[in-house]
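Only one chain is given next, in structure tokens, and it is the form predicted alone.
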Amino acid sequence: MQHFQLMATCAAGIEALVGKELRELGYTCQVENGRVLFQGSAEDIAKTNLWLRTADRIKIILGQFKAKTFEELFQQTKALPWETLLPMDANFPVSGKSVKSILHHVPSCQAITKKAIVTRLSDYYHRKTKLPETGAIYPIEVSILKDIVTLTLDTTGSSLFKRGYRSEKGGAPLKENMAAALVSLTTWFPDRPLYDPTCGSGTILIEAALMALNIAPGLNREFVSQHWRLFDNTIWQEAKQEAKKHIKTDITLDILGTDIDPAMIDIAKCNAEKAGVSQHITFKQMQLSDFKTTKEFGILISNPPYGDRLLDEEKVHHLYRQMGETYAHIPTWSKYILTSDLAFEDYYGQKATKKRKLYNGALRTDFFQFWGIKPKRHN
């Protein structure tokens, strides 16, 4: 069985979550900035693509070397055994990036890398004419950091955040893997109430329900490597069948999502239906300040509008004040609020127990955590 050096890429700030997920799946891994390294076979590529909730992609690391000239880049790329993964008709687009390196012109790096692979494959397959590139897609990336070249093959295709259930997003949507990360960073367990007062298209709550029901996030989508000759047809089928066996059906969840916009509630309901979790989440149109509950020890997660996201600054600060006033009446609840507004606590009226820096796409945000009163222990 062929084993590969694999890499799960992710947003800055959530590498530890991806590492935790991989360890829970049974892998030994190494956490680095923006990625987590681990070893695995074709079966492991299928398994991790299906199950990882907070990662962006699963990539095979094909080679790593130092290169300061285009000739070094060409020769060392050509020396790699590309034929072990790429068939003669492989369609292999080459993307690239370069940071703090002598070889800084990315289009040239891409062209040299492509030429080296074409030369290697043409020699191996005894082709004197151009390679056809009419087969399955094998996305290759040449990444250069401080003159160290890393060549990778993307096994995922469309990013892992594209679960396949979100047909409509509304304005300024939160990616599914970031929503899963937010849930993972809270103290929520499926036996506790969960509430999102600014639920928008419902992503945070849908991800929470998928986690609680142990539904693999990639179960209802395709991956680029499903079409590779490396994979026996049964590998993906068996991985999906195995994932279906682990779905929990005997569970009751108390999940509520509200939004001031009735159109967003309709979108959230549609997305939850498509994700297969609609019977586990209640969505309703409601103003944030109208929330009242007698339930205790719940978890509130919110990704409200920020000043540069949907609402103007004055309205946003009014919303933050409303949150502080409304949630002061549920002291046993823990509240987790994501915003790029560093002055959020001033308007909310309370200092966070803890803050965590996260990146929502390219936007730097903080995840403000206000821990509730803990339940008393009975001796």
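Start at 1 and count along the sequence shown; that's the residue number. All values derive from a computational prediction rather than experimental measurement.
What comes next is about the form predicted in complex with S-adenosyl-L-homocysteine (SAH), which is not displayed.
Only one of 253 to 261, 98 to 106, 127 to 135, 217 to 225 lies within 4.5 Å of S-adenosyl-L-homocysteine (SAH) in the model of the complex by heavy atoms, and it is 253 to 261. Taking the partner from elsewhere, every residue among 173, 199 and 202 has a non-hydrogen atom within 4.5 angstroms of S-adenosyl-L-homocysteine (SAH) in the model of the complex.
For the residues 62, 319, 46, 52, the 4.5 Å heavy atom test against S-adenosyl-L-homocysteine (SAH) in the model of the complex is passed only by 319. Note on the partner interface in the model of the complex: the residue among 167, 119, 287, 159 having a heavy atom within 4.5 angstroms of S-adenosyl-L-homocysteine (SAH) is 287. Heavy atoms of residue 305 reach within 4.5 Å of S-adenosyl-L-homocysteine (SAH) in the model of the complex, making it an interface residue.
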